[in-house]
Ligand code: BGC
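One chain comes next, on its own, written out as structure tokens in the form predicted on its own.
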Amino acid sequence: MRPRAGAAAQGPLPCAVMANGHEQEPGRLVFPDGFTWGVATAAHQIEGGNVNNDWWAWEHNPDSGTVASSGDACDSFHRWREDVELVAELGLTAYRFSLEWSRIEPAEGEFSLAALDHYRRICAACQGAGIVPVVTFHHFTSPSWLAARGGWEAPDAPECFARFVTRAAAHLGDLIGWACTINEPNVVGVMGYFQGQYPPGVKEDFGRYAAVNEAMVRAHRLAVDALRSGPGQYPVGLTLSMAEIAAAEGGEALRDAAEEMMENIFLRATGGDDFVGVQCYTRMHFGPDGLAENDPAVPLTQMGDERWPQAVEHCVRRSAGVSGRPVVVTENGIATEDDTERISFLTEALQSAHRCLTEGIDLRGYFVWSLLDNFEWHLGYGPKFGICAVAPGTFERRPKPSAHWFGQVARANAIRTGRS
């Protein structure tokens, strides 16, 4: 990712002036020239019919605890043009989506030209509409053939992933805008090998969890090399799930250990990358006995998490401080049926992001999760993160007021705070 023209030097900036020199108006926060405004999705959550990966098997396992099958999802494998058109109509400048590895490499070493052409068409449509295609190469799902060999515990799993990235990048690289190697590798480990809610459903096996973390760090580094060896020139990074992790008295050591295992080992693995993608939604608490209850004074979202939009600035600061990389908020949003509450949350989150800019932190963009209400993994279709609803049965996309609001923010490159 190239530095922006006029990017901020190190050190804090006066609060009245942005990094690009724009003087702030009362009640209006202006973002830097070239700031990226986007929305994010993931293949398995919106495409439908991804029958050849580990998640399809997991969600059809009655013992997994997953409340629903992804099924047809939002039918975006066929309706992707509508999704790209929505992004363009809203005035956004980037669309983050993922490749489904199991479609591109349905059997080990066997690559589907038809699937590669499908994703090439999406990239080309984005480019034609003036939208930056932000391509994620792994978003939680792995092919069934790899899962049968142990998934991320297979000794050659990082090399298998690098082979897939090499082949996909050879086909798509000249059209890629940005590349994200792995989405939330820390979540793959903690949910799959410690909490047991994601495949393969292992619970509290610290050794296996740590080994998977190491495998994913290696996979990321191999993928970065593969992407930089192929056609095209574009920024490369990974995306990381982060939270504001608070400690009550006596919980400081456990908090520090959690930050190390869930965040720092991946942030340190981004050396030489062009950016780190921060994905943050909430705050967590640790006490002397481990993970503690939420603050009862803070409302909860449909995910059961604290409504904590100010986590953005905490996580952006931490990621920049630990990694030394430019930062992009590649996911942020709220699970709620109340779209007025969504607008309120996003407003507060963007105010939080803006505070990082006034401090001189190199924050390059902000992506809402998600474009569409979609399959939210083990929680099925209950949580509503989308700025667009999807009608059951017809798959009609219905932009919510938050979609139009966010589009106005992107076009103005500024938010109104309600203050005068």
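Small disclaimer: the values here were computed from a predicted structure and weren't measured. Sequential numbering from 1, following the sequence displayed.
We do not show the form predicted in complex with the ligand, though everything after this point is about it.
Engineer: Work out which of the listed stretches, 119 to 127, 275 to 283, 320 to 328, 78 to 86, brings a heavy atom within 4.5 angstroms of the ligand in the model of the complex.
Structural biologist: Going by heavy atoms within 4.5 Å, the stretch is 275 to 283.
Engineer: Report whether the minimum heavy atom distance between N53 and the ligand in the model of the complex is within 4.5 Å.
Structural biologist: N53: no contact with the ligand in the model of the complex.
Engineer: So in the model of the complex, does F140 come within 4.5 Å of the ligand, heavy atom to heavy atom?
Structural biologist: Looking in the model of the complex, residue contacts with the ligand include F140, since a heavy atom lies within 4.5 Å.
Engineer: Is F385 part of the interface with the ligand in the model of the complex - any heavy atom within 4.5 Å?
Structural biologist: Residue-level check for F385: yes, a contact with the ligand.
Engineer: So in the model of the complex, is the ligand close enough to E100 to count as touching (4.5 Å, heavy atoms)?
Structural biologist: Although the ligand is absent here, E100 would stay clear of it in the model of the complex, with no heavy atoms inside 4.5 Å.
Engineer: Note which of E376, E59, E359, D362 lies within 4.5 Å of the ligand in the model of the complex, where distance is taken over heavy atoms; exactly one does.
Structural biologist: Comparing distances to the ligand in the model of the complex, the residue within 4.5 Å is E376.
Engineer: Out of A210, M303, A292, A246, which one falls within 4.5 Å of the ligand in the model of the complex, going by heavy atoms?
Structural biologist: Of A210, M303, A292, A246, the residue with a heavy atom within 4.5 Å of the ligand in the model of the complex is M303.
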